[in-house]
Ligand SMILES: Cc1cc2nc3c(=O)[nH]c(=O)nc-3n(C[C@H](O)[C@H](O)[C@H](O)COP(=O)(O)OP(=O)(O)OC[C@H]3O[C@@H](n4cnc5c(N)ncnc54)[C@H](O)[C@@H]3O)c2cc1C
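Quick setup: one chain, the form predicted on its own, written in structure tokens, and binding and motion questions come after.
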Amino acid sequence: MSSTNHQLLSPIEAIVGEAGILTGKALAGRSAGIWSGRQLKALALVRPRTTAEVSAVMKLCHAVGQAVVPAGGMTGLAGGHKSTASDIVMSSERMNRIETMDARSRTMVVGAGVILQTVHDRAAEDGLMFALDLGARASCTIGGNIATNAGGVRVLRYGMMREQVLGLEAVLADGTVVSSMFDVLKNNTGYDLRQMFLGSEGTLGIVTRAVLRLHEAPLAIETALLAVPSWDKVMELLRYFDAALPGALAAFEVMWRDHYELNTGPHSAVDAPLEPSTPYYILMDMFISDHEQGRAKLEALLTTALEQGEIADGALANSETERARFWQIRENFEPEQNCYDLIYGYDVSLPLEAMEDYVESVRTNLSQGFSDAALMAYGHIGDGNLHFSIYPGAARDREAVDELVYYPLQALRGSVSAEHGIGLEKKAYLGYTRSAAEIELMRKTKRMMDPGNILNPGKLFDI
């Protein structure tokens, strides 16, 4: 260890303890994230237990201009948690305690390192539900969900992460603690400071604690898988079910046939519940308050839709096992990993009316530019969020594929990131969604709150 590093890391160890800092050989084998396949690069991995420890460490780093990269579950897909060998990585993994659970007020106070699935399980013990749900639920952390303003499969009904957070606590670049740990729904007292940190990707402060909003758990969840003959029918069915069962539609996912075929074909462990004969497949969750009457009404709605040609076929899950199997078709990434040696992932948003033409345009341009490429499309269509999994073919030209996906969104007033954030991967395309004035205001905010640019430097935009 150099003398400069020793002068910084030794006092950090005095703050967090020997187990709270990993350097050198102790870092060997630490992953840089479940999607990266790489070993973590860092000057040190610092693992504080409390907000006070985070504050004390940040004061030291601020004094010497040391870059700090906040890290949660490292499940992000935009490179927001990427670090270099000269960075200190500030992990929330030991800030993993559920502090309080209040079933009457339907709130939970948690440390930033608590795993999303842990929050789900604890809420369920009291007949409650935390609304945010996504495929990485077993490894992503609440702090990471806040930093990226995570979305997931229930945005249609409950909104994104910013709607699930009543209050939070964060540490600024200079170690200042901003505590806004309110547990009330309404607090109209000037600027809503918690929202500055939601979606900021760790560039303005490090979230350490949060007050989460809970909801009553549904008495039953009905899950249907539908084969749909056209995009017009997809849009009509969204309104049809939402209007027929007001407030019950919790998830409305759509898979294009390419995604459905791959995830039910020879590379998948799941057999196809419906024949892969239509261009679109809807996966739908309905939260039902009366199991018998609710299921009977849903069955009647499906029968009517079938008779009127709105759907070509459909299946209603008859058990939790079957529900899980339906959702595996939507969420499982193993088939594409088994079939392709490289996948570029995208999450964009755009108006539903433009989505069919946009997907076909990207598909056509991709095949013309890269004849051996492949595209799988799916997403949370109920809230306008589309995902692509793209095999780039032999060319491996990420910039060219990015441009094919992102460039058309400008004319459609779409977003280059619906829920994953910007991080490093989408910096070059932020201007496709945000105006120059908006980006400059973001930069001014960053300069004001982190003038030394030590918090997650280089993410979102360059200063």
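Residues carry their position along the shown sequence, with the first being 1. In this text, all values refer to a predicted model and were calculated from it rather than measured experimentally.
The protein also exists as the form predicted in complex with the ligand; that form is not presented, and the subsequent description refers to it.
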query: Option touching the ligand, based on a heavy atom within 4.5 Å in the predicted complex, out of Ala112, Val254, Leu168, Val348; finding: Ala112
query: In the predicted complex, the one of Gly73, Pro335, Gly314, Gly379 near the ligand [non-hydrogen atom within 4.5 angstroms]; finding: Gly73
query: Option from 278-286, 366-374, 196-204, 351-359 whose residues, in the predicted complex, bring a heavy atom within 4.5 Å of the ligand; finding: 196-204
query: The ligand contact in the predicted complex: Ala395, any heavy atom under 4.5 Å; finding: no
query: Partner contact for Glu425 in the predicted complex: the ligand, 4.5 angstroms, heavy atom; finding: no
query: Ile34, heavy atom within 4.5 angstroms of the ligand in the predicted complex; finding: yes
query: Distance check, Gly135 to the ligand in the predicted complex, heavy atom within 4.5 Å; finding: yes
query: The ligand in the predicted complex - contacting residues of 143-179, heavy atom within 4.5 Å; finding: Gly143, Gly144, Asn145, Ala147, Thr148, Ala150, Gly151, Gly152
